[in-house]
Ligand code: ADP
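Listed next as structure tokens is one chain, alone, in the form predicted on its own.
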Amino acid sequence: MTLGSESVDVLTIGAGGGAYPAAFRLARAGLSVVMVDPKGVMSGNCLYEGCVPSKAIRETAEILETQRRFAHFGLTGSLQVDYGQVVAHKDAIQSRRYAQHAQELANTPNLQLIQGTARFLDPHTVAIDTETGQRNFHCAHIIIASGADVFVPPIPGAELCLTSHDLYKPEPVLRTLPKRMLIIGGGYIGLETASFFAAFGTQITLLQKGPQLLTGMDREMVEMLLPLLSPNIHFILNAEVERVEATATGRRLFYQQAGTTQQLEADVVLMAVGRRPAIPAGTADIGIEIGKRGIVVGPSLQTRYPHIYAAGDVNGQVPLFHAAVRQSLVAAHNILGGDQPLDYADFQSVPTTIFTLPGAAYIGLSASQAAQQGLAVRTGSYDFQEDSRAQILEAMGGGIRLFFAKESLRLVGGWVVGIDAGSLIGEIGLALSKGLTAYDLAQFADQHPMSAEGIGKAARSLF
């Protein structure tokens, strides 16, 4: 034990989805637990600048889009939104949830949250740098759950760009609606943000470095989604951004395409090229392996030291909040089991949603991924053109694709594009995780008139 250090059963580096589910589970089991976070509040980047605030804005945009689809019922005038009020709504939700988390923390014995920055001194000792000085903790168990940060590439003028942090944090930088926005990056953050602001009336130009938007996702799914997005979004592919400059009225961006340098102007530029794991200082110094994705772990979430775990975005396996929550609980269960791997995270069966307008979602293997693994599949299909709920809401684009092993008809993956995609993928994901077959899905009487009945219809398309 380091001289002058405090002792604790469990210390979590971070207080987000990879940390606090384990912290509460372990504290309620009687262990002493300390969470350390630079913000001094629970829920990590998901609530601070990620899923919750961005979806608060997204849902407002979707309501606006729905109203426009029904404008022929007699609504007069152009439908517009006060973006300042949208931001106020987002801020209020964040404040409400922070208060909710604070109350839960106050009601839990054996658990404390310290605001500060953690760093490793040795495999059992963590130093916390706080406003009042350094505190050292000797820890029987450690969960690294420090999440991920916005990645800003070394492009000249990058400091002139906004990031998702600037858009979605409490009291964000952008509080008025820009007329023109340039977005660098065609991943899910860039495409979602483009979709929200396009719905509000902003003219969007999105630049993607490569030839495909949503790189790494199933091409057929992406090709079905893109035509459904707002015409206010203009895509430029194979664009290499060279620099960004300030102008008297906004920003000027220079990019190269096919060997020619071109330029664009807008009110603001959003940098949305991805995120990278936030690795605590000293992690590599104590011999913990760090790979291309992040801290290297297996499904038990353990590092080279059985008592040190890495959960959530910091390991880069599935950088999603709900995946982090499940991983956090895996770590907690294995700690309660004496650092024996009694529980395991399933990195494959995690639903992912792109919250564009409309959205897309997927889980497991696509047909092309199955083929790469030598797995023959049969595809069950359902198009929303024939769906009663989609017709009611005048949102008939997209559909459901389910992929089944050819011989057993066991579900191995699927995706949804269009109406209710983020909700439907949960039902498909549960079926996947439980090893259900096309026969099982075909026999279930899902509700009518709801889009979920399309899952059974997709399965029945095989028979």
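Values in this document were obtained by computation on a predicted structure and should not be read as measured data. Each residue number is its position in the shown sequence, starting from 1.
This protein has a second form, the form predicted in complex with the named molecule, left out of what is shown; the following refers to that one.
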Quick one: is residue 39 in contact with the named molecule in the predicted complex, heavy atoms, 4.5 Å cut-off? yes
Is residue 13 part of the interface with the named molecule in the predicted complex - any heavy atom within 4.5 Å? yes
Hey, in the predicted complex, is residue 44 touching the named molecule, heavy atoms inside 4.5 Å? yes
Within a 4.5 Å heavy atom cut-off, is residue 118 in contact with the named molecule in the predicted complex? yes
Of the options 294, 280, 364, 187, which one has a non-hydrogen atom that comes within 4.5 Å of the named molecule in the predicted complex? 280
Out of the stretches listed (307-315, 242-250, 179-187, 335-343), which one is close to the named molecule in the predicted complex, meaning heavy atoms within 4.5 Å? 307-315
For 136-158: residues with a non-hydrogen atom within 4.5 angstroms of the named molecule in the predicted complex? 145, 146, 147, 148
